[in-house]
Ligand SMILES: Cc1ncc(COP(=O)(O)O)c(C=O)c1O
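In structure tokens, the next block holds one chain alone, the form predicted alone.
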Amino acid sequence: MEWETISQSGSEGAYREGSPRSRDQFERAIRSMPGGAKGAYFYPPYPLTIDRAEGCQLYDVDGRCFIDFANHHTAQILGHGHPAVLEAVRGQLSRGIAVGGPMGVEAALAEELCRRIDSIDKIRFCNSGTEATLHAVRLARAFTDRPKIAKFEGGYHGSHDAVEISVAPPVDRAGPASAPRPVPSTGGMAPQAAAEVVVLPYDDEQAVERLLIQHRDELACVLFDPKVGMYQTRPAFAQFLRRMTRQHQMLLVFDEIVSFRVGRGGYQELCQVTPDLTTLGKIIGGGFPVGGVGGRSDIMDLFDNSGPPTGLGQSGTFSAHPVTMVAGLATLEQLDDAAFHQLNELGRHLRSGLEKCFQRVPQQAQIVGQGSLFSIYFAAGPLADYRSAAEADSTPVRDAVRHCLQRGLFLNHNLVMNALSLVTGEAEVERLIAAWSEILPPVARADGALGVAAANRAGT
């Protein structure tokens, strides 16, 4: 589909004019850091530099205020600087920052997660989602004595060689949709990394069943990132996957690093699936670096270093860091049923409002979401798998994001995997809906009026 510039407020010139200090900070950073910012933070011509954050608001170094609809890659579910988290962190800092031994807080967080997630009997903590999936894969291989793993095309499980395969492959290199080819997502990987991964298509039971049967004697596990808030997820597909993995003695690993924020027990509670292992991160650290892998006792006990050697180990200088643990526990204590109800109702309100905006120009843009998670695509058809999402039109995205920034709204720079926080309110959501009501093509407005871009060209 053809899209034109959304508006002058979405232009690069307007972006640069409003952020000179961010430009200066980027030019400084690029002299000592390759690219000036980590990959997830960079977007052209340069990212905004944030000075401070409070509640649902971000303030950049140029003094502008934005409502935060990204919330640090969905990790800040309470918003920024929640009093309970700050109090817990200050208390822990006064007791000790890192002491070289357990302080009890890691056990308290572990107990809370075991209470919330029925499939987790025991859990170990680490420092990132990447570490969590790395250890989950090792557990699965050791427990099953099988060499390969399966993951879904478009699923992201961190940045280690075992899983950074077919995360966003060029479709012309990815093979048939029903039998995707494993494609390394970065250079420098181990030569055989891709050969150790079977790539599955989302939302295609027939193809998944065929591939799992074909590789059943060599697959240790299936890693499932449910893509909640990013694809149109069906609980029935997750239930099918549980039946297939159980039938063929493969472990099912639920990656709940993002999806744990959709309910008290995560996505697995909503879809009524009991995985063998679960990986966690983001919200369980209260804004600090964190990861976790938990599951059945007979699997997790391979990490038990209190008895005879099992052949496996899991540790790390900053794993189960006490400041992270108290921040995570304080966060979970705020997330009762009422909190999730509030988040999910606000998410429904947002999706309803944006759907009405997009219906003005049918089959041009759509919102995908669940709970407090949402993604926006310039696409016409269903978005149930990687390839349908990859076909979405990316040309208007940059201008749309800049348009929102000019309206004081901060979203992820690719419009995918946005999230509400508990301190976001209806007024903030209405501002986002109003901004997007302006982001329409310059023709075919249902009310007969010119779109924003056309109006600007006409000098009105």
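Computed from a predicted model, the values in this text were never measured in an experiment. Numbers follow the displayed sequence, beginning with 1.
As for the form predicted in complex with this ligand, it is not shown, yet the points below apply to it.
> Honest question, do 128, 158 and 417 all end up within 4.5 Å of this ligand in the model of the complex by heavy atom distance?
Yes, each of 128, 158 and 417 comes within 4.5 Å of this ligand in the model of the complex.
> Would residue 258 sit within 4.5 Å of this ligand in the model of the complex, counting heavy atoms only?
Residue 258 belongs to the contact set for this ligand.
> Can any non-hydrogen atom of residue 321 be found within 4.5 angstroms of this ligand in the model of the complex?
No, residue 321 is distant from the partner.
> Can you work out whether residue 135 and this ligand are in contact in the model of the complex, taking contact to mean some heavy atom pair no more than 4.5 Å apart?
Result no; residue 135 lies far from this ligand in the model of the complex.
> Although this ligand is absent from this view, report whether residue 282 comes within 4.5 Å of it in the model of the complex, heavy atoms only.
Yes, residue 282 sits close enough to this ligand in the model of the complex that at least one of its heavy atoms falls within 4.5 Å.
> Can you check 338 to 346, 145 to 153, 249 to 257, 165 to 173 and let me know which stretch has heavy atoms within 4.5 Å of this ligand in the model of the complex?
Correct option: 249 to 257.
> Heavy atoms within 4.5 Å of this ligand in the model of the complex is the criterion; list the residues of 311 to 335 that meet it.
Contacting residues: none.
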